[in-house]
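Here we start with a single chain on its own, the form predicted alone, put down as structure tokens.
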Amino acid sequence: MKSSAPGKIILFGEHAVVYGRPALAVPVTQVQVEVNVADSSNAGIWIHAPAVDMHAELSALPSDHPIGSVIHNLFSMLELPLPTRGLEINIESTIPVASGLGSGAAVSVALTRALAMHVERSLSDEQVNNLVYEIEKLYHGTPSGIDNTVITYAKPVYFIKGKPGETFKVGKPFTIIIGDTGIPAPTKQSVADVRRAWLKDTNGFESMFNEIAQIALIARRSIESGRPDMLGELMDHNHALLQRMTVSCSELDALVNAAREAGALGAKLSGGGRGGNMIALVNPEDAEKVAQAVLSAGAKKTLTTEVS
């Protein structure tokens, strides 16, 4: 049985979303995780994930290993014993690891669905989403839940922690350049650092979170009403606030500045920060020029995606 799941990018609201403010995220279908589950004559449940050089039998994994936890949690939820016959689980991914594109959540979503199909059980999107959120805690400590939501539903999502994600329609397609710094993005650490800073200056951070909430709300309205050109200024404002939170870094700032100078309508970091990706809103005719400028400024690779 096969299942796939897309990557994702956060357009607005990272970090503030952990504190109850809205965030916007969209799927990135140009990168995918594909999971294939098949019976095997070999004893045990074998997991092969060449992208992370993993070839292991389930019982050999630590109890808190995210992939192992997906398998155990799913069979527990389905009230089924682990299969006694051999299984081969092959995980292929074109989503860079620890880059802010949701690789962990995508693996969990695709694996959950492929395993459920293999044992002939049907899961709702809500069930998949809830299960994968529990796995996200192993990756990120105190995740917002936005990664698992946008990847499970594979639609643009307006998300507030603790509430069901609201999918919404795009009034007019728009083009985003994604630039990868090549630096692993330590989401768990940056979330923890922001929390420490918030505890020291609660009023200051709450004020920034409120500004970001307004940005996310205006952005959603702009996207739905077919005015994506308004997103550029919102991106610039959001990035400045993330810089004040100390979750940007010199490499991300260099890519953001290069994109703007090459004609991007706006640019910001996306995700946990201190590495990972930046995103830039561009007119389609400027996409190649902006991508080249971002590469020249130090990006290891770029990806152009249309949000529609």
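Quick note: we count residues from 1 along the sequence shown, nothing fancier. All figures in this text were calculated on a predicted structure; none of them were measured in a lab.
The discussion below concerns the form predicted in complex with ligand MEV, not included here.
Residue Ile146 is the only one of Val132, Ile146, Ile177, Val107 with a heavy atom lying within 4.5 Å of ligand MEV in the predicted complex. Of the candidate stretches 149-157, 186-194, 167-175, 76-84, only 186-194 has residues whose heavy atoms lie within 4.5 Å of ligand MEV in the predicted complex.
In the predicted complex, ligand MEV stays beyond 4.5 Å of every heavy atom belonging to Ala291. Mapping the unseen interface onto this chain, Gly271 counts among the residues with a heavy atom inside 4.5 Å of ligand MEV in the predicted complex. Interface residue remark: Val18 is counted as part of the site for ligand MEV in the predicted complex, having a heavy atom within 4.5 Å. Of the heavy atoms in Leu11, none are within 4.5 Å of ligand MEV in the predicted complex.
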